[in-house]
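Okay, so here's just one chain, in structure tokens, the form predicted alone.
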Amino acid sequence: MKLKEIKTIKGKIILRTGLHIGSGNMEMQIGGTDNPVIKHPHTQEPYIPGSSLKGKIRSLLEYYYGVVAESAKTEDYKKSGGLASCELYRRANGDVKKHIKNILKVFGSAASDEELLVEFGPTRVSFSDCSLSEDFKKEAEEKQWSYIEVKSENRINRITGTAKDPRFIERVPAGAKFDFEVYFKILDDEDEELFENYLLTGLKLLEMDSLGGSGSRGYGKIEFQFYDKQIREKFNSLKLWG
């Protein structure tokens, strides 16, 4: 196994709808919202953690390639939540076994199975945290746009027709633009296939799904824009079904 190349994908993530990636700060501040978005501690500007991109893309690929369905076949593996793992790889057969192996090669494994870790090698992909792009910040400053919006929501009592349980959720508004960078190690000839069939496919799935919380309520729709023409053409020509 030899490091032959590190492929780089650079571009922008454009929010088509408001994005909420929570900060995990459960402390309620006076005049604050119930659920703030994550912000850089020095600039207080929102950003997209690389871990959020990596986790969501891996999850979508596990559904797409049947790993979740394989995991749900037995009680022992239901506890893993459908996560591709070395244990599941040893038990699986056929195409899904190949997909589990490839997902572990691309996204890594926390398992201590040294034999398989040696076989799979190091994690191929790394996602950088995504900061607001400088051109968007300049435009927002000129037009006096805020980086944050507060969306109010509530629950409707179906019988009385009255609103209950009001809550206020921070979002990054639609139209915001973030710079993103992804790096992918090519360690052997098979990794070229992984780059397209797993990384680019995962990005495509994410664009069709949503990022962050409350995707079923319209949050987190994004669009990728790639600087590299070849990658952009490959991405646009990807067909996931049919």
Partner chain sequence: MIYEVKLHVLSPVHIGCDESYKPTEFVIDTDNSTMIHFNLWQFIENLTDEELQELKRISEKLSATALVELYRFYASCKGKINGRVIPIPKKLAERYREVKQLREEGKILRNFNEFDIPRTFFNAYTQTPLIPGSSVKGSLRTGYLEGLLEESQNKTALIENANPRSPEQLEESILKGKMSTDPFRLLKISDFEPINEVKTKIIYQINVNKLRASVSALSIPLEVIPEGSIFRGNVSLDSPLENSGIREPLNFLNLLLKAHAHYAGIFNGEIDLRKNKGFRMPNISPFIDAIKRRYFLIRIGKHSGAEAVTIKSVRKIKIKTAKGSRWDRTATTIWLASTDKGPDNLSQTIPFGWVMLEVVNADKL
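Since the structure is predicted, the reported quantities are computational estimates derived from the model, not experimental observations. Numbering follows the first chain given and starts at 1.
One more form of this protein should be noted, the form predicted together with its partner chain, which is absent from this view; the next part is about it.
When you look in the model of the complex, the only residue of Pro173, Pro36, Gly213, Gly50 with a non-hydrogen atom within 4.5 Å of its partner chain is Pro173.
Here the chain stands by itself, but in the model of the complex one stretch of 138-146, 97-105, 120-128, 83-91, 138-146, has heavy atoms within 4.5 Å of its partner chain. In the model of the complex, its partner chain stays beyond 4.5 Å of every heavy atom belonging to His40. Proximity of Gly22 to its partner chain in the model of the complex falls outside the 4.5 Å heavy atom cutoff. In the model of the complex, no heavy atom of Leu187 sits within 4.5 Å of its partner chain. In the model of the complex, its partner chain lies farther than 4.5 Å from every heavy atom of Lys12.
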